[in-house]
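Below you will find one chain, with nothing else, as structure tokens; this is the form predicted on its own, and questions on how it binds or moves follow later.
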């Protein structure tokens, strides 16, 4: 760890922790939404939308803090990148829930629930990792596991697409479900981007 002569604003660590906790909430609501009926899905999508707004506020708080702070705990560009990537994770999960409701998709393939389960685990791991930014310790297992989960999500995504094109005969329904599946894959990619950013920060600070 590099020695610094000037004090650092440590509130960033709490802000990143708060931001990641919103992802846990969002992933949990997304999982509940899959198992709900149409009215229930609408209510849960609204809750997820509210969680997304809270996540946006957390992101803005980090950005404001960067602009108000002379000495940041690590590189400013990395802070922006990490905050933006965390925000992307929530945005994609909220988009998926919104599409399911707007498209009135009654049934989704079981593998979609597997996609969401991976996102839930990614959210939990990310929330557990954020407090460790303070010391930069015990983080390597986090990004290794997130990368493994993202690879698992990639394979699942390919199987889902193959299944859709093989089994779904209604082209409109196919397009709707495919878009949801694609957005969930983007969410998995976003979680990997968070992990990659954390790895970059840890390497720079070591």
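As the structure is a prediction and not an experimental result, all values here were calculated from the model. Residue numbers count along the first chain shown, from 1.
Another form exists, predicted in complex with a further copy of the same chain; not displayed. Remarks below refer to it.
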field: Listed range touching a further copy of the same chain, judged in the predicted complex by heavy atoms within 4.5 Å, from 123 to 131, 110 to 118, 81 to 89, 95 to 103
entry: 95 to 103
field: Among the candidates 175, 36, 61, 144, the residue which, in the predicted complex, approaches a further copy of the same chain to within 4.5 Å (heavy atoms)
entry: 175
statement: Checked 179, 32, 57, 50 for heavy atoms within 4.5 Å of a further copy of the same chain in the predicted complex; positive is 179
query: Should residue 166 be counted as a contact of a further copy of the same chain in the predicted complex, where contact means heavy atoms within 4.5 Å?
result: yes
- prompt: Looking in the predicted complex, any heavy atom of residue 171 within 4.5 Å of a further copy of the same chain?
  reply: yes
Contact label in the predicted complex: residue 43 to a further copy of the same chain, heavy atom within 4.5 Å: no
In the predicted complex, residue 140 touching a further copy of the same chain (heavy atom, 4.5 Å): no
query: So which bits of 123 to 162 sit within 4.5 Å of a further copy of the same chain in the predicted complex, heavy atoms only?
result: 158, 161, 162
